[in-house]
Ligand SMILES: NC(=O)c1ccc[n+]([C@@H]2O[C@H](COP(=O)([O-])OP(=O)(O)OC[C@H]3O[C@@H](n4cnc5c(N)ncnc54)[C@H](OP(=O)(O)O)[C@@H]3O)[C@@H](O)[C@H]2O)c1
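Consider the single chain below, provided in structure tokens and representing the form predicted on its own.
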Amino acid sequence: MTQYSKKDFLVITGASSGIGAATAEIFLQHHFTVVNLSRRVSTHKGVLTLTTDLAQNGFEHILKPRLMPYLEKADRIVLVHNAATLEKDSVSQIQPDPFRKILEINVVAPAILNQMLIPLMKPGSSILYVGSTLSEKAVPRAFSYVTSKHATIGMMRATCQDLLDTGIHTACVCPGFTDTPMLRSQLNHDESVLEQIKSGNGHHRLVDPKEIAQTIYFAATQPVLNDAIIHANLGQRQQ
């Protein structure tokens, strides 16, 4: 197994709960220094949270002088674009301001963070995107989320092409229905709906956030997965 030191850094967005929190925990176990960029502080001991509103115009100007000193001597940097937001909307009802906010968080912020961190990334570093089953399909009343998650795969593929020959690799992990606070909130904590969702995959359960975190860690340590789209959804039934 590859050995990592405290000069190996995970920079992750949205690590205060759900998949992000589970990912921070696994990287801590592998002796990474973990930096969380989110509005809420991580509850994990050892995680450094730099409070950041990714939807705020110009957030990078506030973040950069706080983040860069930690990374200047990093041997490896793993950048995980995990933070995301969603709204229930449709193509005929989309509102410009909520749509812009979703694109700012899900698409624009990752591009800004890439630009900020790539100059500090040495060979062996990686940029990982957290997509969704909806990165390659669509469902009704999820227009802005589907649009942004399709863009996530496009960003990953473009990242790969732009960083060929640098020793930095990239991949997109696409979780299925994962047992997170965001999912339960979107479903209004309706257990009957959750049971329907569970029946939609081959294992009759929700994905555990730790399973996605383990997949993200694996992708971060395997350059052979450069440009890979990894669906982690327990085998969803095709409709």
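All residue numbers are counted from 1 along the displayed sequence. Nothing here was measured: the structure is a model prediction, and the numbers come from that model.
Keep in mind that the form predicted together with the ligand is not shown, yet the notes after this line are about it.
Student: Classify Ser125 as contacting or not contacting the ligand in the predicted bound form by the rule of any non-hydrogen atom within 4.5 angstroms, answering yes or no.
Tutor: Residue-level check for Ser125: no, no contact with the ligand.
Student: Spell out, yes or no, whether the shortest heavy atom distance between Thr33 and the ligand in the predicted bound form is within 4.5 Å.
Tutor: Output for Thr33 is no: heavy atoms all beyond 4.5 Å of the ligand.
Student: Might Ser17 be said to contact the ligand in the predicted bound form, defining contact as any heavy atom within 4.5 Å?
Tutor: Judged by the heavy-atom cut-off of 4.5 Å, Ser17 is in contact with the ligand in the predicted bound form.
Student: Can any non-hydrogen atom of Ser144 be found within 4.5 angstroms of the ligand in the predicted bound form?
Tutor: Output for Ser144 is no: heavy atoms all beyond 4.5 Å of the ligand.
Student: Of 162-170, 116-124, 136-144, 83-91, which is the one stretch near the ligand in the predicted bound form, taking non-hydrogen atoms within 4.5 angstroms as near?
Tutor: Looking at the other structure, the answer is 83-91.
Student: Answer with one of Ile26, Ala55, Leu63, Val47: the residue that has a non-hydrogen atom within 4.5 Å of the ligand in the predicted bound form.
Tutor: In short, Ala55.
Student: Among Tyr217, Asn226 and Ile229, does every residue place a heavy atom within 4.5 Å of the ligand in the predicted bound form?
Tutor: The answer is no; none of Tyr217, Asn226 and Ile229 reaches the ligand.
Student: Could you list the residues in 110-133 that come within 4.5 Å of the ligand in the predicted bound form, counting only heavy atoms and keeping sequence order?
Tutor: Heavy-atom contacts within 4.5 Å come from Val130, Gly131, Ser132.
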